[in-house]
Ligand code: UDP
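First comes one chain, alone, set out as structure tokens in the form predicted on its own.
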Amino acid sequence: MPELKPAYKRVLLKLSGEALLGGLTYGIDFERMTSIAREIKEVRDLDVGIAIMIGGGNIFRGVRGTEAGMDRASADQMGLLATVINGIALQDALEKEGVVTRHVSAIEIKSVAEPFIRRRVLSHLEQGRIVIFSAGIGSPYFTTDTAAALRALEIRAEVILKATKVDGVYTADPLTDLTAQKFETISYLDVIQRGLRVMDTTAISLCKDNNLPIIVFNLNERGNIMKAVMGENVGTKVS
């Protein structure tokens, strides 16, 4: 049997808070969390370096607070803290699967996470630990998409794997528009010019300027993380 050879040796997985909902409307579905942790472990077992940027939309989204009249900075800070909660839960799930992890928060909160120190994070990855990033970049007005792009570049990841609830990038939302057409590949510039909601414009621009590819795929189909890492045709590649 031929040995499995990953297409990428170091990846950043962008995991939304909504991915942790499972069948719930709010909070964390721990059965779903365990399933995701097992998939991540399978990839790590192939000696692939993995960092994860976790979102917080299953608990609180800053935009919701802003729409309700909150100050934008305060609402965003609440959203960042929601990602820390998810980071703690994901670390626990991964460690129950026997994976050594480090939780790194951009907001200093030493009792539950390490502060972000780039060289320390690189050392963790070189020693085979999975690194979970929470709290974005620690500042309001920046999405976890932008934080994912920035951290991916800082840790020298070869690709961003953006896990979503659809199987790629479409001309329109395929959940509401049955005529929407899927792209197998698309350029950064096309994403920006078409206004496609892959990642925010700042994140796409960062990836474009540094030639960092993004693979958008459906997390709900088991095995897709592995397929993306192995270079199989899954989802849409933005490059």
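Numbering starts at 1 and runs along the sequence shown. The structure presented is a predicted model; accordingly, all values stated were derived computationally and were not measured.
Form predicted in complex with this ligand: not shown, discussed below.
A residue is said to contact a partner when one of its heavy atoms sits within 4.5 Å of a partner heavy atom; Ile137 meets this definition for this ligand in the predicted bound form. Interface membership of Leu80, defined by any non-hydrogen atom within 4.5 Å of this ligand in the predicted bound form, is confirmed. Taking the partner from elsewhere, Glu221 is found to have every heavy atom lying beyond 4.5 Å of this ligand in the predicted bound form. Proximity of Gly55 to this ligand in the predicted bound form falls within the 4.5 Å heavy atom cutoff.
Site annotation in the predicted bound form: the residue of Arg32, Arg44, Lys208, Arg61 reaching within 4.5 Å of this ligand with a heavy atom is Arg61. Judged by heavy atoms within 4.5 Å of this ligand in the predicted bound form, the contact stretch among the candidates 118-126, 165-173, 88-96, 141-149 is 141-149.
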